[in-house]
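So this first bit is one chain, no partners, the form predicted alone, shown in C-alpha cells.
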C-alpha cells in the first residue's frame, strides 16, 4: 500500500493579469512614465524586460523550470540622461518580481573598486560586492576599470572579481554598467568575458530642447518655484545656447542652471530686503534672473 501524498496537479492555465496585479510593478512603470520626460526607447525596453520576467515567473508556476534569465545590464548615454534614475526603478521592478531580495542600489565608480597598491583592490571590490548583494550594483563610467596603457594598474583584478561574482551569484546580484556608448564599446571589446555576461544593452538618447524645458518645469515645481511669463521664453533660449556649449550634461545641466537662477533671485530679493514680499515673489524666477547667466554673454 502506497501512503505517499499525490502531488498537486499543475494548473491548466495561468492568469498573467493576476501575476501583474500581485507584483505591483505597474506602479513602478507608471512612475517611470510620470517622472521621466521622453526616453521612449528606454521606457519601451524596461517594459520588455519587465514582461520577460513576469512571464518567466508565470512559467515557473506552471512547472516549466529553466535557467533564470541573465539580468546584468549596460546603460549607455551622455551624462544627465536618467541612467541612475532608471537603475533605481529597475531595482524596484526586480525586487517586486522576486528576482532580487532587496530594493537596493549601490552606486560606485572606479575609485570605490580599485586600489592603489598590491593587495588593496580585492578587499575594496569584495566589500562593495558585500554591500550590494541582494540588490543592484551600479558602476558608473565602468570603462575606467580597464586602463591598458598603465601596466601597474589594478583595474583588471577588480574586473576578474566582478566576473566571477556576476556568474556565481547572478541569482543574488544584478550588475549595471554605465557610461558613454563609444567608450563602453571599446571596454567590451577589450573584455569579452564581461561582454558575454551582459544580457541587456539600453541606450539613453539625449533630450530635445522642448523635453529639457519640460524637465525644468518639473524641477521647479518640485522645488516650489515657477517661471514668470518672460522667464519661460528666456529659459528656452538659454537651453538652446547651453546645448551648443561644451560639457553640456542634459538634465544635470538644467538643474545646475536652475540652482544658479535661484541664487540670483535670492540675491535680488536680499538687495531690496526692506520691501515686503508675498508668496508669489518668493517663488518666481524672472527673466532677469536667467539672462544674467554667463551663457548669454559667452554666446552673444
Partner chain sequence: MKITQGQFSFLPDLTPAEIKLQIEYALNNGWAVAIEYTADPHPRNSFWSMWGNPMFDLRDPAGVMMELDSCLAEHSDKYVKVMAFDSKKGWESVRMSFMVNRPAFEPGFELVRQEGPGRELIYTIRSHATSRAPVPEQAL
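Note that this is a predicted model, so its numbers are computed, not measured. Numbering follows the first chain given and starts at 1.
Missing here is the form predicted in complex with its partner chain; even so, the following discussion is about that form.
Any chance all of 15, 60 and 63 sit within 4.5 Å of its partner chain in the model of the complex, going by non-hydrogen atoms?
Verified in the model of the complex; spot residues all out of contact, no.
Quick one: from 112, 172, 167, 230, grab the residue that has a heavy atom within 4.5 Å of its partner chain in the model of the complex.
Going through each option in turn, the one that passes is 172.
Note which of 201, 120, 101, 197 lies within 4.5 Å of its partner chain in the model of the complex, where distance is taken over heavy atoms; exactly one does.
For this set of options, the contacting one is 101.
174-182, 201-209, 132-140, 81-89: which one contacts its partner chain in the model of the complex at 4.5 Å, heavy atom to heavy atom?
Of the stretches listed, the one contacting the partner is 132-140.
Answer with yes or no whether residue 126 is in contact with its partner chain in the model of the complex, where contact means some heavy atom within 4.5 Å.
Yes.
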